[in-house]
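Take a look at this single chain, the form predicted on its own, given in structure tokens.
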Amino acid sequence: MALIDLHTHTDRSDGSTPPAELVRQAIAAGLKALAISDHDTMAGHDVAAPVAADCGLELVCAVELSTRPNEQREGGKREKSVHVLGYWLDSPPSEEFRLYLETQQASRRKRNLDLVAKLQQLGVAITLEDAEVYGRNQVGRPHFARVLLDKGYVTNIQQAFDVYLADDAQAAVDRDEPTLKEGIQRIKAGGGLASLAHPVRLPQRGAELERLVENLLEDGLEGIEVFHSEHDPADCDEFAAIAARFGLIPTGGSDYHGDNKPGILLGSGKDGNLSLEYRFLEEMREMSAAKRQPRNGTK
């Protein structure tokens, strides 16, 4: 049985696995297709592409954008990030979209510099260079967490987030992220399929989640991640029903991060709760092509 994994991360964002090594791991795991969906960058995909071609692994171009639900703060505090997956199933992203990703890298670097300054104010002896040892192309909070652990400020990675790095922690720093609507629109304008990532993490469920999805349709939302390592069977059923109701394309993947999420395995998720056959990707392509067909009476 040929399997796939359409949600993975490399050390070019917040994963621990180099792109070429991820390709080799995918082949060893028996995968026929893989999507590298690093946060706000395609650097991991670009490095992996020639390796995958040489090895006969189908590599799907993807990205995971970090967005905020609203432009304005509520009660002086920004809402938590919402992630949107972008997939380019048959053709590469536009050059404009790639240039847009470069602006997102700039905003990440500014956030990192502000984070270092805030940690230092709290008496934490840390530099950006310390985190860059772990984050190659892109430095994120998981890399700072590893430095805090190395230096003995925390006893585990979760404590690093709870005490210093989470959105409501001591060293929390806002990042200039696009709104959810803009993120979806950017992916669509760049020729991609925009899918709402791991909806189980959203505060909205039931009818409230359906209203959110319905409102995002006009912005270009075309998919929802039905299968994910954090989704139990009831979650998958709920998100599959939403996909069917609004004509969305189901997507899925492990959200593999290597050593940074040791409980998540490539291709099989958490405790074997993921098993997507290659036909799943073929159906995504078929649904995507159908959405792009001109309606009757139009040219």
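In this text, residue numbers run from 1 along the sequence as written. Note that the structure is predicted; figures quoted are calculated from it, not measured.
Only in words, not in the display: the form predicted in complex with adenosine monophosphate, which the text now covers.
- Residue contact check for residue 141: one or more of its heavy atoms lie within 4.5 Å of adenosine monophosphate in the predicted complex.
- At a distance threshold of 4.5 angstroms between non-hydrogen atoms, residue 11 is out of contact with adenosine monophosphate in the predicted complex.
- For the chain shown alone, residue 122 is not a contact residue for adenosine monophosphate in the predicted complex, no non-hydrogen atom being within 4.5 angstroms.
- Adenosine monophosphate is not drawn, but in the predicted complex it has no heavy atom within 4.5 Å of residue 172.
- Contact with adenosine monophosphate in the predicted complex, judged as any non-hydrogen atom within 4.5 angstroms, is confined among 123-131, 93-101, 158-166, 184-192 to 158-166.
- The putative spot formed by 83, 108 and 111 is fully lined by adenosine monophosphate in the predicted complex; each residue has a non-hydrogen atom within 4.5 angstroms of it.
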